[in-house]
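Here's a solo chain for you in structure tokens, the form predicted alone.
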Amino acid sequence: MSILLGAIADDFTGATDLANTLVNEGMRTVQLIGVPESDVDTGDAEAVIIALKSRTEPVADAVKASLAALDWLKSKGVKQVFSKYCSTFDSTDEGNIGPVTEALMDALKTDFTIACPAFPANGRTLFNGYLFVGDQLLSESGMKDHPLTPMIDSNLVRVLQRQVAKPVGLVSFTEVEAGPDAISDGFRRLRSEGKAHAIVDAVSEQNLRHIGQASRDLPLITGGSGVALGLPDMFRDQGLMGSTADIEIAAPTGRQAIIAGSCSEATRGQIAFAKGRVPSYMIDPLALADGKDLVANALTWAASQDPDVPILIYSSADPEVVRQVQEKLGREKAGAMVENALGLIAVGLVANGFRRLVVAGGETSGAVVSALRISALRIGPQIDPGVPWTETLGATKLALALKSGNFGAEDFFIKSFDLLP
């Protein structure tokens, strides 16, 4: 069976977010970590997602990795390609969302695509081209202080236009609310105006499902995981897939740990909630820079804790603290140093019998998955919108939850393990 949907995600948590959406809609889904170096048996998967770590890479590197992922997916005969990025449109004026999108368009020989990061279940909505996080404009939310991709403009037509060479237009809420036919008319209108990119408004799940239906004939769709809600039904309408999928996973027994590197407002709140309930250990970037072996110290500390209680190891800090660290060490050095340490800690935890891990933050998840040499994941049940449990496919079986920094309720860390058998 050929793969119906081939997706390219710009970070690891974004990939599991998309996988979670597809599985909840009954689509058998496998997530691959990076572009496979050899053939991979994806079994009966109807969707395959290649998770990259390209969100904050240099533009040229992000484009190269995305095109390599596309080549692999095309070799599997995918019917449609999905480029997945964060529901807060994390990027700079240089990219990477726009340049990657136009490179994929050129490779697929298409002159039109959409961009819709809306995810109402997690408070991300698009209205008149403006992205909201809850009841705040993106530029007034915690994303304005993101250490790598601060979002200071909420108008996505403007944001995307600064990143691309081809014109950007808008399919407005009025058109979207009128249903799939009106959305398709909006696509045709923009194409007749010479537009290559369509920012598409969405404030509800029904809007997203209608956008999916209207996107049936687009070779490339770009957006957050929300816009994928309508794609499984679109494939069903064509008689290309069945109605159900088994989302159970085999959760290995073993010790439990939370590894948090995201500095997002949501993750900081989750850490504060968890610290009063489970043992916690903080990784100080400045101490790392001074040569202190915090990896060994953290692993020694972890080994001394009650094996029946989850532990929390975190490097997350308030924006002002992050700024001070970056000023002293440099942005790239500070981030890479912490990610490397958290990856090594994850390896040590697994070597010491930890088999159930929750990881918070896209960059942190990438570092942990890479350090553990995980190549593929089977997607399991949802913890919170956008975050499922997964099971690693390989010699060492792990239950792994990769959480975007912005996602999850305050009690996410604590309740996650209660959902496993």
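Start at 1 and count along the sequence shown; that's the residue number. Superpose the two forms; the largest set of C-alphas matching within 1.5 Å is the rigid core. Values in this document were obtained by computation on a predicted structure and should not be read as measured data.
Omitted from view is the form predicted in complex with a small molecule, to which the following refers.
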Only one of 122, 316, 83, 154 has a non-hydrogen atom within 4.5 angstroms of the small molecule in the predicted complex; which is it?
316
The small molecule in the predicted complex has a heavy atom of only one listed residue within 4.5 Å, and of 207, 87, 96, 262 that residue is 262
Please name which of the stretches 334-342, 225-233, 296-304, 197-205 has residues with heavy atoms lying within 4.5 Å of the small molecule in the predicted complex.
334-342
Taking heavy atoms and a 4.5 Å cut-off, does residue 364 contact the small molecule in the predicted complex?
yes
Might residue 310 be said to contact the small molecule in the predicted complex, defining contact as any heavy atom within 4.5 Å?
no
Spell out, yes or no, whether the shortest heavy atom distance between residue 21 and the small molecule in the predicted complex is within 4.5 Å.
no
Although the partner isn't part of this model, could you tell me whether residue 285 comes within 4.5 Å of the small molecule in the predicted complex, counting any heavy atom of the residue?
yes
Honestly, after the rigid core fit, is residue 338 moving at least 2 Å at Cα between the shown form and the other one?
yes
Threshold 2 Å Cα movement between the shown form and the other one for residue 359, core superposed:
yes
For residue 217, state whether the C-alpha moves by 2 Å or more between the shown form and the other one after rigid core superposition.
no
